[in-house]
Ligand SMILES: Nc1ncnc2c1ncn2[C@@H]1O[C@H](COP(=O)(O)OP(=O)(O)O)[C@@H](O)[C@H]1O
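The chain below stands alone and is given as structure tokens, in the form predicted on its own.
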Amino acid sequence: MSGLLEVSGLTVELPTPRGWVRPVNDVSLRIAAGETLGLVGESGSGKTMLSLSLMGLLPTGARVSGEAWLTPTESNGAGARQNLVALREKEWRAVRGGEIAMVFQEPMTSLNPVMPVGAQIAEAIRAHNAQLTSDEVQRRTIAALRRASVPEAEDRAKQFPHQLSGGLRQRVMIAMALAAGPRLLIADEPTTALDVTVQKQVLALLDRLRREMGLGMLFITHDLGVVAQVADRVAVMYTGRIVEQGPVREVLTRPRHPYTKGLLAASPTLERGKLDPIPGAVPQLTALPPGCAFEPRCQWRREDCVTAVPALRAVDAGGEQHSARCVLV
């Protein structure tokens, strides 16, 4: 698999009345073409803020540092790498949708309620293919809906978002995201609002499109069961930092960070009737402890957990595939 996205030391700072906070703090990760990286963590861990930074959609006043190198398609820059952190808004317009696309959690807040869904997909196609005729745009619109497994695509294209079920709306969002042929797809909790049966169908659709289109995918979720189904590798995030990452089977069967262990213990399974929730809550970014951010909630905390933020260390000597940010590693 060829390299697609390489993030190194990415930090996002936001102003607050109590000073600057870092919802994304020194994050490093990579995604290869054709690979799915699962990003998990509780609400407030920084998952969505990380995704918005990779889309150039951060709030006004945000400060970004570090690097996020994207290898685009050969049709856009002949394969030259771009540092997303350094892009200006004019440059983002070509990258956003054309190279990186995003599917959000709730389609009804993303789709325009007063436009037919086909017209909205057509807008996304025209934005990156201004030379196409109206007939060509229409053909590509219907093809995008069919690729996303939307039945009766011609009729659905004429309908408004409120006339579609939740599952069909999410398929429309996927069709729109992929209409301009991006190489990287960010899926931010795309199945959370769906029932279990439709969730399974949407996950299967995303996996099929990933394979067919050679997509790299960043799949954001709080559900470790979903991660086990769709991801090749997983990164666990807490208070803006990656605290553990590695191959999905390795991390889920041999977790090394106490937070990852806590998430697994709090996840329902058929074999385990009793859940063990993690005590406490994710701390406010304005009141983080001086050492390990998870220390106040950790049953294995030691004195040295309080004094300094642990480094991300390789779990196995000489290996870098599985790493964890914990003094116990």
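Just so it is clear, the model here is predicted, and its values are computed rather than measured. For every residue, the number given is its place in the sequence shown, counted from 1.
Keep in mind that the form predicted in complex with this ligand is not shown, yet the notes after this line are about it.
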Contact with this ligand in the predicted bound form for residue 28, defined as at least one heavy atom pair within 4.5 Å: yes or no? no
State yes or no: in the predicted bound form, is some non-hydrogen atom of residue 14 no more than 4.5 angstroms from a non-hydrogen atom of this ligand? yes
Would you check, heavy atoms only and a 4.5 Å threshold, whether residue 312 touches this ligand in the predicted bound form? no
Contact flag, residue 43 vs this ligand in the predicted bound form, heavy atom cut 4.5 Å: yes
Which pick from 263, 49, 37, 70 sits with a heavy atom within 4.5 Å of this ligand in the predicted bound form? 49
Quick one: of 33, 285, 64, 278, which gets a non-hydrogen atom within 4.5 angstroms of this ligand in the predicted bound form? 285
